[in-house]
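This document starts with one chain, in the form predicted alone, laid out as structure tokens.
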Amino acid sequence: MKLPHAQLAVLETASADEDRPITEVAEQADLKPEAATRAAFELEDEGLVAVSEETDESVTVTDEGETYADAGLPELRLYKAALEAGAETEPVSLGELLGAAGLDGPAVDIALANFARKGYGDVDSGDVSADADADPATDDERLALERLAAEETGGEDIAASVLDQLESRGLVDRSASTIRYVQLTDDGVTALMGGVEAAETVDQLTPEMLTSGEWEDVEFAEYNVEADAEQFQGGREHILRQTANRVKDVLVGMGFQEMEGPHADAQFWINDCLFMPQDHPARTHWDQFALETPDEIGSLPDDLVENVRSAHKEGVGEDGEGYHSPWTEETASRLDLRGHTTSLSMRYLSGHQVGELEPPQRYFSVEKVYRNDTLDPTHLLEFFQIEGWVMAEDLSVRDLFGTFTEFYEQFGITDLEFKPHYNPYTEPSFELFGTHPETGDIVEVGNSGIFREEVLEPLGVDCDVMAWGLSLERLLMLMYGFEDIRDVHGTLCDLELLRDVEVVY
């Protein structure tokens, strides 16, 4: 019997008495592991060896996991600080507890995301209440992480659900490898006893063989195209970015142009131009993120500042009264992270971004905004807003609703509902709702309306403008059935879900 070199080497190295790992056989036979594996499968097809396999899973603690195993999980540190501050009897300010717990940066979001999930208490409007009956000593994630970090276990005795949670938090890495074994069959033993020789075969066609014509006289090794191959996880575009690009394509197809502008901007553009009084609750630190350095914008257009100040103080038109509340340019100049991309709309409509615009015009943006919200399945500290507006003569609510109907139909959403709403900057105003495909719950997806005279006249716009701010993440929830937007980005992101989810068009 003649066999290719690799097959003969594996056959001669394998044992008839025990399973031997193919990696061990490959090393002894002086073959690459992949070559030995291929040869083993080919021999198995001939009935000369038996190939078996088992899966070996390993768990390693990440650098972040090592840090938390030593210093404590952020949610446990927050709970300890809350108890020490008496939060089990009376709510305590979150800001006070963060310093005591030594939490800052991403650790704050992690603590808030897991504090309520584990039943340690609640966070409501910036105040923390602790549950005195919670028991951190029995926290499965803490116990597992500490044992893994101390190498007391390889993870085999830890519940899969606990390992899943630690992995989703980026505290451990799990990897599974397939170990294959090879053993001689009776036919293989018989073949060896009868004598087996190496056949002159080649496993690769080279340019030199083609040039010389040698390829006509050699025997090529056969390949098992059904053999398992090593799996590689390549990169792919994030589903959120895929949807954002799809939204852009749809809006461009509807005749819109894209807006661009700063993420950090003056309160003047973010709030004052929108006729939001400077003492409005939404303009406090509870809802906004203020910049410390620099803390104010370099300059604002004097004529526009005076127009906006006049609208706030005296109102617009014969019947306008304004707010009769304090208004200062100092407050308007303060820098914040934008809480909505309507700041871009104000810059464009005023003519200070791309020059004076004549109707009709359509503009949009799909960009990040930042709000000091409490984290939950439908709220994040930063998210994407689909901003849009149309400038034209004689616009009506029917135009607004028709635009939404056309837009959402592109994503298979046809059950929109509208509810009258109040905004300081639009009249009439409407909230938009859709039905969650899995839970059947009504989900708010955006806010809209027609800009008030108090917004448009100071900007120098003398025609109608209808506008909206829609949530990209909540559009994603309606399209794919996600119940928690933290599943698609952030520290709790499910990477396997992102790898496996099908793109919806």
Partner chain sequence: MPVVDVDPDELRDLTGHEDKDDDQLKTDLFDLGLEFEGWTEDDEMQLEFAPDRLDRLSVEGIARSLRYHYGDDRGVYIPSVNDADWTIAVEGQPEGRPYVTGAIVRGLDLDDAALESLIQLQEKLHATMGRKRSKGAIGIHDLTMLKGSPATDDGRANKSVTYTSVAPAEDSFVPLDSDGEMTPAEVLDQHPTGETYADLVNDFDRYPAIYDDLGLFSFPPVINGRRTEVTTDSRDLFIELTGTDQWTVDHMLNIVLYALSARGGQIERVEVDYDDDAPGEYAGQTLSRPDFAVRSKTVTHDRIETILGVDVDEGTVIDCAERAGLDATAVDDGAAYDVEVPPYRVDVLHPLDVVDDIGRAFGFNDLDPRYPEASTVGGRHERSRLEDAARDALVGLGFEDLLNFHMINAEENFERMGLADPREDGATDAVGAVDPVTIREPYSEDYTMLRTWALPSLLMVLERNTHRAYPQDIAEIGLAAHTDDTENTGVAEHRTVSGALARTDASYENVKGRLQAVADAFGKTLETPPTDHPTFIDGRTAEIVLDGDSVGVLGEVHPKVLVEHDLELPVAAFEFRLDALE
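Positions refer to the first chain, counted from 1. Quick caveat, the model's predicted, so the values are computed rather than measured.
As for the form predicted in complex with its partner chain, it is not shown, yet the points below apply to it.
Heavy atoms within 4.5 Å of its partner chain in the predicted bound form are found in exactly one of 175-183, 291-299, 204-212, 92-100, that being 291-299. Using a 4.5 angstroms limit between non-hydrogen atoms, residue 71 is distant from its partner chain in the predicted bound form. When its partner chain is considered in the predicted bound form, residue 258 lines it closely, a heavy atom lying within 4.5 Å. Residue contact check for residue 364: one or more of its heavy atoms lie within 4.5 Å of its partner chain in the predicted bound form. At least one heavy atom of residue 279 is located within 4.5 Å of its partner chain in the predicted bound form. Checking 461, 445, 450, 49 against its partner chain in the predicted bound form, a heavy atom within 4.5 Å turns up for just one residue: 450. Scanning 19, 12, 494, 24 against its partner chain in the predicted bound form with a 4.5 Å heavy atom cut-off leaves one residue, 494.
Contact with its partner chain in the predicted bound form, defined as a heavy atom within 4.5 Å, is made by none of 129, 351 and 470. Within 4.5 angstroms of its partner chain in the predicted bound form, the stretch 368-406 places a non-hydrogen atom from each of 368, 370, 372, 373, 374, 375, 380, 381, 382, 384, 392, 394, 395, 396, 397, 398, 399, 401, 402, 403, 405, 406, taken in sequence order.
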